[in-house]
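Only one chain is given next, in structure tokens, and it is the form predicted on its own.
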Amino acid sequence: MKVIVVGAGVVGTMHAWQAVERGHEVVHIEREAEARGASLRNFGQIWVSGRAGGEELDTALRARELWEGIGARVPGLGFRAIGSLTPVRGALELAVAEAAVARDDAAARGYELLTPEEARAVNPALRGAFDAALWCERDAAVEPRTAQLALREALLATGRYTFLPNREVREVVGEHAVRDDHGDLHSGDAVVLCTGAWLSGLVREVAGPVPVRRVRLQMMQTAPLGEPLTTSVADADSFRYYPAYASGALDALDAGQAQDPTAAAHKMQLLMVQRLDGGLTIGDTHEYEHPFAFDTVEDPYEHLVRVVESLLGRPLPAIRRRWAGVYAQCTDTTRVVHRQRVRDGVWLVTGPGGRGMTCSPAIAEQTANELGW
């Protein structure tokens, strides 16, 4: 087969990977010189811990398995099976962590409740005060700013992959073909549109209104920490955000312990992961209402610095970068991704939300299976 993939973010790149792995030829079209959207502006976390039970968790676990296998073949991904720790303070936060460990699928996630001493044995950088920490063994990390480049190098080496940057697809032509803004026609046996948060123009024309919204977030990265941060780190605000933690204990936390006003105003949680250069990627916020602000604001960054310093027990290194990103998220929370046949032989795959980096290998595998590649 010949497969046309539109969009070179992580979802599109993983669809190209699946097609090439199955012996097919791929033409990969990207409107920028390189992908510049949410696939680069994220934590690079393979985040199993907070996923909803059932299909979402199954998808994340399969993707975690695929990531590890691909990482062994493509060292440039920077795959690390580092796990994650979520320190908790006070009885209400501890009860949410205990409820998580009591889940039927806790073993599949690698959940374990650790004492502060046990947590520091896993991650000695956590010198701040906390009462316990939720450990998730299945969480991992890759390098988001270089992952697509490393995957593309491996794809190019197969001889069955062509990358066409700086070409915006303007039209779906009949079945199995698209035309770009250079006027060139690209035809094959299947077309997959992996357009990320680009939901207007071509997408609106071929798919109509889709159950997908855009979400904006703010993040930052520090200078090197000067010591290893051996796990990803979250704070208890992540309990309020991820569906795995829904429980009576979470209801009690919401009722009995108000979120910090800045965190509540910006719908925040702490997620933190160390990059290979030693710097820390730290975030994030969530903004859902259009039109999005065009500037970043300082209050969320100041809040995150306070939270991180309280967990590390030391000053944070200097902030070197701040940025905002936008990703596409299904509004139907029962679905991992929006996958729609828009014409015979033409599929739209978008809207994984914050699960894009985590779940993309398994999302692409499922597309390939459904299309009979």
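Everything numeric here is computed off the predicted structure, so don't read it as measured data. All residue numbers are counted from 1 along the displayed sequence.
There is also a form predicted together with a small molecule; it is not shown, and the following applies to it.
Proximity to the small molecule in the predicted bound form, taken as a non-hydrogen atom within 4.5 angstroms, holds for one residue of Leu85, Leu151, Leu217, Val191, which is Leu217.
This chain is displayed alone, yet in the predicted bound form one of Arg89, Arg167, Arg145, Arg120 has a heavy atom within 4.5 Å of the small molecule; that residue is Arg167.
Taking the partner from elsewhere, Ala362 is found to have every heavy atom lying beyond 4.5 Å of the small molecule in the predicted bound form. Contact annotation for Ile29: at least one heavy atom lies within 4.5 Å of the small molecule in the predicted bound form.
Of the heavy atoms in Thr59, none are within 4.5 Å of the small molecule in the predicted bound form. Residue contact check for Leu311: none of its heavy atoms lie within 4.5 Å of the small molecule in the predicted bound form.
Partner contacts here mean any heavy atom within 4.5 Å of the small molecule in the predicted bound form, and among 192-200, 89-97, 257-265, 287-295 they occur only in 192-200.
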